[in-house]
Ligand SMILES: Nc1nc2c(c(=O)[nH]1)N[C@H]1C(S)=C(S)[C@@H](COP(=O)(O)O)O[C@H]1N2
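Below you will find one chain, with nothing else, as structure tokens; this is the form predicted on its own, and questions on how it binds or moves follow later.
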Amino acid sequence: MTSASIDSPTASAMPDADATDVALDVVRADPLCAETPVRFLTAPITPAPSVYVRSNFALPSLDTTHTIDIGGAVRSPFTMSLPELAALPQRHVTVTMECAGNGRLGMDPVPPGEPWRFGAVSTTTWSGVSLRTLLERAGLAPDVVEILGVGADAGPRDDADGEVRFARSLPIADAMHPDTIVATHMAGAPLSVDHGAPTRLIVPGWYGMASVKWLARLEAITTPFTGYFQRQRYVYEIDGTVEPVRRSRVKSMITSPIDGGSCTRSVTVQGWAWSGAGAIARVELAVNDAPIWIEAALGTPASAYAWMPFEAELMLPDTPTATIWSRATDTAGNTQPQRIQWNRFGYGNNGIRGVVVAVTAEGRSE
């Protein structure tokens, strides 16, 4: 395991730190990609130093003179400075955000891409200005279909010519939602550079690629965007068909007991469930290969966009080990599948996942 600090990619890759001091589990050091450690996934709000990080290119060099250009098919294009942004009404949204590649290592065969385990998901509070406020000031043309967010980060890709800039588009309905924001703060503090300082998009309910970091331009467009990160990456490519990754799929995660840990036969199982398509309606648990699913009690999430806590009391079999499974269903009727349809780049893995625990001797018959 490696040491990590979200404010310093160099420190993020330093070895030999005590495990209790590790803020992030580094998947790649340069550019930084790092997961939230398992022990921090038990909290309803992820500690700020342990909010997962996903970077596609080297960090851009930006400062307080940074501005955002708002243009395209609008009546009044303009440029927004950071002081001007800070003077506008501020909005705060608590969001569970997941990288689209989270769980890639759980797919068989493992697709190419960052080797994410299951910790590329976090919940925190973001603060900034509603994107809608900026778009209304610009005045959208009636034929606008999407809003394109363009980051300041760019670099080469093996399967593209020249330098590729990170950019993703949003349908108008999502861009105009009041809780889609241009964020300047995370967890009450200014954004760190790894989290997109000085400005980034936050799009509740969507996988993290939609929340464009180091936001440099917003462009109203009248035809669907077909750029690299919309049509060549962050896409579900299955049997030759390509569909852009969008909203987070329904998913659940057991946080207690932990995978590889131990417990008595009588155990309280806890975890989180989330979905970008609707609220969580139900979470069920099962043990080993038993066909019986037991419904868990649902708690109260930190916000409409935050993961739902669940809990259930289970009696495990009188065996040395047991596997506990969880599956979630959302209000749109989506249920986690036993196994997802494999896709070329390994996105959207929301297949049912179990935790394997050792059943302690004091909890078993001898």
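Here the structure is a predicted model, which is why all the values come from computation and not from measurement. Quick note: we count residues from 1 along the sequence shown, nothing fancier.
Separately, the form predicted together with the ligand exists; it is not shown, and the next lines address it.
Answer range among 264-272, 251-259, 173-181, 95-103 for contact with the ligand, defined in the predicted bound form as heavy atoms within 4.5 Å: Correct option: 95-103.
Any non-hydrogen atom of residue 41 within 4.5 angstroms of the ligand in the predicted bound form: Answer no; every heavy atom of residue 41 is more than 4.5 Å from the ligand in the predicted bound form.
Non-hydrogen atom contact residue 283 with the ligand in the predicted bound form at 4.5 angstroms: No, no contact at 4.5 Å.
Heavy atom of residue 131 within 4.5 Å of the ligand in the predicted bound form: Although the ligand is absent here, residue 131 would stay clear of it in the predicted bound form, with no heavy atoms inside 4.5 Å.
Partner proximity in the predicted bound form: residue 151 to the ligand, non-hydrogen atom cutoff 4.5 Å: Judged by the heavy-atom cut-off of 4.5 Å, residue 151 is in contact with the ligand in the predicted bound form.
In the predicted bound form, the one of 185, 246, 200, 91 near the ligand [non-hydrogen atom within 4.5 angstroms]: Contact residue from the list: 200.
Contact test, all of 53, 212 and 234, partner the ligand in the predicted bound form, heavy atom 4.5 Å: All three within 4.5 Å in the predicted bound form.
Residues of stretch 186-203 in contact with the ligand in the predicted bound form (4.5 Å, non-hydrogen atom): Counting only heavy atoms within 4.5 Å of the ligand in the predicted bound form, the contacting residues of 186-203 are 194, 195, 200.
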